[in-house]
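One chain follows as structure tokens, the form predicted on its own.
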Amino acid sequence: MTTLEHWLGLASSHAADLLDRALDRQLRLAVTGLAHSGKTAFIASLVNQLEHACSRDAKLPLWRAHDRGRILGVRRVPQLNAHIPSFAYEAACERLFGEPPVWPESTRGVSEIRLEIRYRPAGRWARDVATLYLDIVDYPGEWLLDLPLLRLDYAAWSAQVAATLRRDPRAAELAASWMHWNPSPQDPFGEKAVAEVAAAYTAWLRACREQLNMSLLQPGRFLLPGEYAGAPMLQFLPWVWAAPAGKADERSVYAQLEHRFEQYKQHLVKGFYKEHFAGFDRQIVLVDCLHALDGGPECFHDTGRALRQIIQSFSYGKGNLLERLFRPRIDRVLFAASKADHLLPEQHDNLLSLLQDLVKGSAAVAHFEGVSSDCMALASVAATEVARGKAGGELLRGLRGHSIDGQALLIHPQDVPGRLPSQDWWSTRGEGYDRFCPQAMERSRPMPHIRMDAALEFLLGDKLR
């Protein structure tokens, strides 16, 4: 193929992409969430449910197009963005359908997968067959947390971190490894000293995530730097000591840290935002409320703060034709409490109410901008089943499954608060919620789930009419 033919092919593909978007034949779905929310398992299950949509084993009654027999077939097709890694669907399935089954590896970079959905439109005068191209984009939750930095300057971000240290003594204790530095704002900049203390700050972020279950940890790329590991742009930290009196000298340590913060925003955060977020049509935000509750009150409130900052960073609202072609904007957002299978069915309503309370400020932002938003409790891959067993001579109803280390379990999980927990709830709560590995599944059948069909209806339903 000649160079001219190559560029003509790219131009043709881009033109077709624009036409599909203009005619509502293409949808870009962003899957986001904080750590432990199950983004990779969700995407694997979503693709799996769609690929089995026309099989007799499909269980998708809440997805109207499927329930009314209008889905004709779904298949994976090559993605348009060849420079972006493909979502590792087969690798995820190998783990989920393995012997023993295990959860897929966590997201470590941006990836996407494209599906072609053939369906019969509703309506008397509709065409016999129509096609919707669905692009599903996955990206690390750690990178998602960088978006709020675009609204902050270095001083404001530093003040935000300082407030966290004042609010949480546990985080402040772990910060001793870098807080001891205590420089003067006008001290001369030293490359080696800054690299060392920035490494200590990064270790602190990791400790806050792993030991304290915190979510609002910035900059996110420090935790998953990718190809930028070791770059000076990732060697800075917040200024939590005495602020400079007036403008700091440009060669001072304060001025250089401020400069690196701005370079980080300009080259990493803004670049990532423009390349990916500006092109999303729909958004699902996965939240592991059970993990947040297990982390204690400060972890739970930190999750709420992280969600509010994240949602305010997205561009919501319906656009006209030109905006849809060149500046697509999110017009539907779904907040989903994952791992509903870790609770008895009668507790799902409480889990939903808790999520609604947790994100009510964020959902209000979306509603104000004219965006359709909803909340639901779901399990992308159900790891348990409701069963009965004896304990102390009494027949009890509970959940049957296997623990992460493979031990058979039959447990009665503790209840979930139906609203933001009170101090009394925190003081009397139990030991926490059990974690389960996937149940054994047949590869020829769709993965068991809870309400994935409801998620499909909300995210795709209006495009398949």
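Computed from a predicted structure; not experimentally measured. From 1 onward, residues are counted along the sequence shown.
Only in words, not in the display: the form predicted together with a small molecule, which the text now covers.
Asks: Quick one: which of 269-277, 111-119, 235-243, 372-380 gets within 4.5 Å of the small molecule in the predicted bound form, going by heavy atoms?
Replies: Selected stretch: 372-380.
Asks: Do residue 342 and the small molecule share at least one heavy atom pair within 4.5 Å in the predicted bound form?
Replies: Because a heavy atom of residue 342 falls inside 4.5 Å of the small molecule in the predicted bound form, the answer is yes.
Asks: Residue-level question: is residue 50 within 4.5 Å of the small molecule in the predicted bound form, judged on heavy atoms?
Replies: No - in the predicted bound form, heavy atoms of residue 50 and the small molecule never come within 4.5 Å of each other.
Asks: Although the partner isn't part of this model, could you tell me whether residue 186 comes within 4.5 Å of the small molecule in the predicted bound form, counting any heavy atom of the residue?
Replies: Residue 186: no contact with the small molecule in the predicted bound form.
Asks: Check whether residue 28 has any heavy atom within 4.5 Å of a heavy atom of the small molecule in the predicted bound form, and answer yes or no.
Replies: No, residue 28 stays farther than 4.5 Å from the small molecule in the predicted bound form.
Asks: Only one of 263, 106, 86, 81 comes within 4.5 Å of the small molecule in the predicted bound form by heavy atoms, so just point that one out.
Replies: Selected option: 106.
Asks: Among 35, 65, 411, 60, which has any heavy atom within 4.5 Å of the small molecule in the predicted bound form?
Replies: Contact residue from the list: 35.
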